[in-house]
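Read the single chain below, which is given as structure tokens and is the form predicted on its own.
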């Protein structure tokens, strides 16, 4: 049996009863970082008076997951196996999806426990409503980052990004230079002591935060552009015409077929 178990993104009290039970019953713990899970188990043990004694704690992360799965047999999951990422929901900008696909391929029973997710918490805190798309982290630099950011800014729905503190001002400046008045919602250190929310135009937020302490993890919610700006931005994207036609159809009354014909 495989269980994917979410862990708190900051506040230990966000752990669920089901998650505690799964961690307590685990024979094998797979962890994105074994040091992080050992510390978490220690803190949970102190707080809730529960003992956690898995027979094994094994490393399972982005760089070893394929090799790990190639070197095990499906019988590995005859034991109670629990996977946890460093924080939040496995499979959401964290490893976990490969384990699920392995279980599906080999007929292994599995469960996914619900729990904390920074992206969902930030979107609710933003006060926005409607559809959204989660883009996780942008490429760190270069042409790939510029192209991806333009795609995000031309997206017809709200877009959610994660950003590291040392790149937050860079992101705000990049958005400001493209669309100074684009409204953003920023969530800092969700569920933690120094949780903070910021809302405003890209240019305004850049000026506000450039001299502030911006340590900690950030979630950025970007509002969709106005339709005219969407069309212009999508037309400038260096992507296949079929994909461009699909994006244009979402923000206009024309069909994919009509847009594709006008692009070729």
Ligand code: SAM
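What you see is a predicted model, and the numbers here were worked out from it, not measured in a lab. Residue numbers count along the first chain shown, from 1.
As for the form predicted together with this ligand, it is not shown, yet the points below apply to it.
Using a 4.5 angstroms limit between non-hydrogen atoms, residue 137 touches this ligand in the model of the complex.
Taking the partner from elsewhere, residue 219 is found to have a heavy atom lying within 4.5 Å of this ligand in the model of the complex. Remark: residue 172 does not count among the residues lining this ligand in the model of the complex, judged by a heavy atom distance of 4.5 Å or less. Using a 4.5 angstroms limit between non-hydrogen atoms, residue 89 touches this ligand in the model of the complex. Exactly one listed residue, out of 9, 247, 23, 15, brings a non-hydrogen atom to within 4.5 Å of this ligand in the model of the complex: 9. Checked against this ligand in the model of the complex, the residues 118, 152, 108, 99 give one hit for a heavy atom within 4.5 Å, which is 118.
Note on the interface: of 142-150, 155-163, 124-132, 99-107, the segment with non-hydrogen atoms within 4.5 angstroms of this ligand in the model of the complex is 155-163. Of all the residues from 92-109, those having a non-hydrogen atom no more than 4.5 Å from this ligand in the model of the complex are 92, 93, 94.
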